[in-house]
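One chain follows as structure tokens, the form predicted on its own.
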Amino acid sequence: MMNISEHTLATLAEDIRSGRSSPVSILEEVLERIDAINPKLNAYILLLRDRAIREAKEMEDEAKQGRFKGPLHGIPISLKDSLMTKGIRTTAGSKLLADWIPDKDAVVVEKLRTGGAITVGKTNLHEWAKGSSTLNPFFGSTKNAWGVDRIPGGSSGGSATAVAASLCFGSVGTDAAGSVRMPAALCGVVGIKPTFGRIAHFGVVPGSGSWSLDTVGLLTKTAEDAAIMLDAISGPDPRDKSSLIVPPLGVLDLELDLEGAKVGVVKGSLFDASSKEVRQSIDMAAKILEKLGMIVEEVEIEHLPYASAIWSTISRTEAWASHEASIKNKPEGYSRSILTRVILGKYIGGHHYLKAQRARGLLIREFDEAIKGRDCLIAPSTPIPAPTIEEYKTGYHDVDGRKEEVGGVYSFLGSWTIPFNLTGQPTISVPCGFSSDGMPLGLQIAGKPYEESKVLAIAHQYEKASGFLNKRNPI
């Protein structure tokens, strides 16, 4: 029997194609791990055991005949429960949708099935995908695989935990403020938010993201795994107009020659506000990139500290527009924290929303200027490692002797991920070290729009050079 936790999506795909392993045997081991570990972590809120077994047998029969649907053929994956699944309950982490069964699949679900992936289950998330903890009052709290007393981040916390604990080998999430990259960083896995529109958004539960900010993203163990999944599910769809203008993904060459590539390290007041351990991990990452032959320079973005305020104005307004009718008719269907958060949008005037969008344009221009003549920007994924569940509930985390808010309406946790939702550029979070108490830290690598291939190549080569891929969580 293989040690399934030592594998990645890429190595399993190779084993299936070579005949060294089979979709059925791989799924059996994954289900055994879920039975043993998920009760401790609560990563899944719906397990599709019988369906997954049927799909695994179908994929195994096809593999025996030498027929493969693609690199995801027979690979166990999971879906954030804000992605619609035809005939299968989809909740968006909300009490209001506890019994809702959609009559259609999200585009990404269709593409995963076409590619031969096996959907093991639906993962837990922060209520309505609007928070950074995945402490869900209706479906239970998800725990971090690196420490069950820690939050996994949000809102795709169940997806990150499932990947970190080898309860699947890739998960599809959504990211409107860092909801893929933040939990990836806190759980020690990889999370990619592609260019806005790269992946069709049709079938994401309305109201679980923001119209102008939300992007479907991926959580995997490695950048190579992320590249495989991104290639399988990206591309336009006529049901999503925002996806039609996105150029083709192109060739994903992870061994791209990066000698002389220019990297901008984002510094300034936001960097200074991050914990000392986080700052040190980014400086170490910069040195590793230099050893790989890249040219590293510090950059500052003048209005970066205002990103969270700009984002909040836009996001709250769009949230109220989505939830106004439901809140008026069934306010009891919301937790107090999410109800408060969404209602704030009611009191933001249209002129404030327009001003925020204009300020967003200014920030985009500043990021464009910062990356001009460079291949990528790097920054922390989060300013701190994962807080404890109790810290999050109290609302504050100690950062080198000062208190920062980690719960409530605004969370310090998202201060580094939010800017890249405003700009819409492709951004990946990869592990880049550990705190003194053994919790993972994350590095963001952001590229120019539509240059996912270069972002993935830099992430892949950094992973190999840093050695952090070899670190395993205690689960």
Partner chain sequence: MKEKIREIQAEIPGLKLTDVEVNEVAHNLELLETMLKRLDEIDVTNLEPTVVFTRREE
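All values reported here derive from a predicted model rather than from experimental measurement. Numbering follows the first chain given and starts at 1.
Note that the form predicted together with its partner chain isn't included here; everything after this is about it.
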Its partner chain in the model of the complex has a heavy atom of only one listed residue within 4.5 Å, and of Gln280, Thr114, Thr340, Thr394 that residue is Thr340
From Ala321, Val148, Ile364, Met284: within 4.5 Å of its partner chain in the model of the complex by heavy atoms is Ile364
Check: Using heavy atoms and a 4.5 Å limit, would one call Pro238 a contact residue for its partner chain in the model of the complex?
Finding: yes
For this session: Examine Lys276 and determine whether its closest non-hydrogen atom to its partner chain in the model of the complex is within 4.5 angstroms.
Result: no
request  = Considering only heavy atoms, tell me if Phe202 and its partner chain come within 4.5 Å of each other in the model of the complex.
outcome  = yes
Is Thr313 close enough to its partner chain in the model of the complex to count, meaning some heavy atom within 4.5 Å?
yes
So, Lys69, Gly170 and Leu230: all three within 4.5 Å of its partner chain in the model of the complex by heavy atoms, or not?
no
Partner contact check in the model of the complex: of 152-160, 177-185, 285-293, 364-372, the stretch with a heavy atom within 4.5 Å of its partner chain is 364-372
Checked 144-174 against its partner chain in the model of the complex; residues with a heavy atom within 4.5 Å, sequence order, are none
